[in-house]
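Shown here is one chain on its own, the form predicted on its own, set out as structure tokens.
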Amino acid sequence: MLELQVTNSPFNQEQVELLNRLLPTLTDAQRIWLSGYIAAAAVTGSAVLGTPPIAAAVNAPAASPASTAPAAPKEVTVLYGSQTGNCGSLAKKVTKRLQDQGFEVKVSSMSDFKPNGLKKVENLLILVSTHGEGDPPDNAISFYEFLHSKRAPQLEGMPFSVLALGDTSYEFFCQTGKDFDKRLEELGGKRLVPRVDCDVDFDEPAAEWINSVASALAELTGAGAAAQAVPVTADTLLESTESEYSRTNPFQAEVLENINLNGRGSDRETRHLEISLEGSNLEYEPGDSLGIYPENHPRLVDELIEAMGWSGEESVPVNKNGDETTLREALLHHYEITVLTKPLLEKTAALISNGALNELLASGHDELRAYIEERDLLDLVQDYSLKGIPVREFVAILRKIPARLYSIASSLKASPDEVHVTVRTVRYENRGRERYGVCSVQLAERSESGSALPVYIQHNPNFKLPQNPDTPIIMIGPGTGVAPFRAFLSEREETGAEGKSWLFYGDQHFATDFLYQIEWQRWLKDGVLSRMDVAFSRDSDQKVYVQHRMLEKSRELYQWLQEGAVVYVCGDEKRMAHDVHSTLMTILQQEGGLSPEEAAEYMIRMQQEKRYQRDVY
């Protein structure tokens, strides 16, 4: 017999203990009698133990067959749009929470949902991230465009709610979620609960939204008793069933290898790290990412403490649970100090009377954006003389340092208990001070073999090898964007996949910047990689990029598309990914004779069929 628990029933701990003592002792006849008694109690609204169920039912008003039949479960549709997988994971959580309450839940990515079915939806929940400069993630584009078109149906009175994920360091914070929320209201929908906008540290607000939605749906549908289902908490929001380690509980992983892939004389530094997952039970597939929680540079932390006149040994809180550590430790490992956001400036202005800072906040959009993009917290402190703000008040307005996501460059089948990443080191000078990528410089300078990194696996269902190993694949990844394709080919070699493969790769110089050159050449020789085209932009008078190589091979590339090839793009979104997309459109028109509109529809179909997948940033 299933043992009742607080987590799998609507009962509290005391009730669970009583029922678990009683139920195993009952005979079959007693169980049948008790079930009849409970049914009668539901009809009369109350019953006293000891009253035979038949007698109780006699005193009840006659019920028609329709009224005694169990109520049909209320339907809820959960749609998610996600670039990296967070919204997909959250969608599973809200689905389970509602199913525990007795709801019938249909969950789908927006790309897999048939928009014509929208008018039949009873209750709608939207979970969506914002990508780039306010854009929908790839698997939300088609549904987003449908909803904002004249084809969108009227949704008069349809209950809905939106959970939006974003990053306050971007200008158009949670813009896609805001757009969905506004449009659903315009179409006649009625909010169950207000939209919640989440920053990168989204666990607590997301958990609150899930619980609020569950309670609102229970009240709306009359499922009040079911609302006692166990609430979702921030600690368990993204817990993994395979491993105890997750984004909220990272694994301390040992660095096994850390080498510079660039040759002597290159003005670039690209690190290849091999990291042990032994003992973690963490698993991944090619296309997934590794999350690494970085530490701020010790020099920047010390300069900030000195500029504020604080003591590094002073105790400060690091979370809402009341846990504390020294200020220096908190600034090293817990709080973000290299990125400015408008909300941070507004909160700072509320802590101190500073006319100049208020003037900055009231300045034009371009001026404020330029200030935020070019400076860090030390700049803000020095520029506006913030010394004197009490340390506990100041750290309370800082946001948690977010993990950095890196495309995994290895196959777990080929490298058991290991994960590999490819990271380009970011260094530059601005306003007389050296600046650097927080995580990339830590990995380059302070992550030698034997050191530990807090890591977790970020699963990405939107960037995966085709299920059929015979499917051709076209991979486009300049620079560190080639990392997941190293994982793809490692996996295909290990599994013996027969599908042909084509890699477009580019960087600055052939002699110093050809990442993983020996491995590509070996795979070409062995047939794991069918063909490879390279573009080294600084080795000729005219800069040549991967999209130029694609155009040179447009006829063959179009033939691969006609054969059902899946196209993968990884790397910089603003320039490279945009140019590659435009090039694919050109090839479809040039080689396929399609109009611009037909080419755009072809690309949309490829996305819907998961034949055009992007991991861009």
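Position 1 is the first residue in the sequence shown; the rest follow in order. Source: prediction; values computed, not measured.
Omitted here: the form predicted together with a small molecule. The next part is about that form.
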Considering 134, 317, 298, 102, which brings a non-hydrogen atom within 4.5 Å of the small molecule in the model of the complex?
-> 134
Mind telling me which stretch in 490-498, 376-384, 164-172, 521-529 gets its heavy atoms within 4.5 Å of the small molecule in the model of the complex?
-> 164-172
With the partner left out of view, is residue 159 within 4.5 angstroms of the small molecule in the model of the complex by any non-hydrogen atom?
-> no
Taking heavy atoms and a 4.5 Å cut-off, does residue 472 contact the small molecule in the model of the complex?
-> no
Indicate whether residue 87 is a 4.5 Å heavy atom neighbour of the small molecule in the model of the complex.
-> yes
With a 4.5 Å heavy atom cut-off, would you call residue 617 a contact of the small molecule in the model of the complex?
-> yes
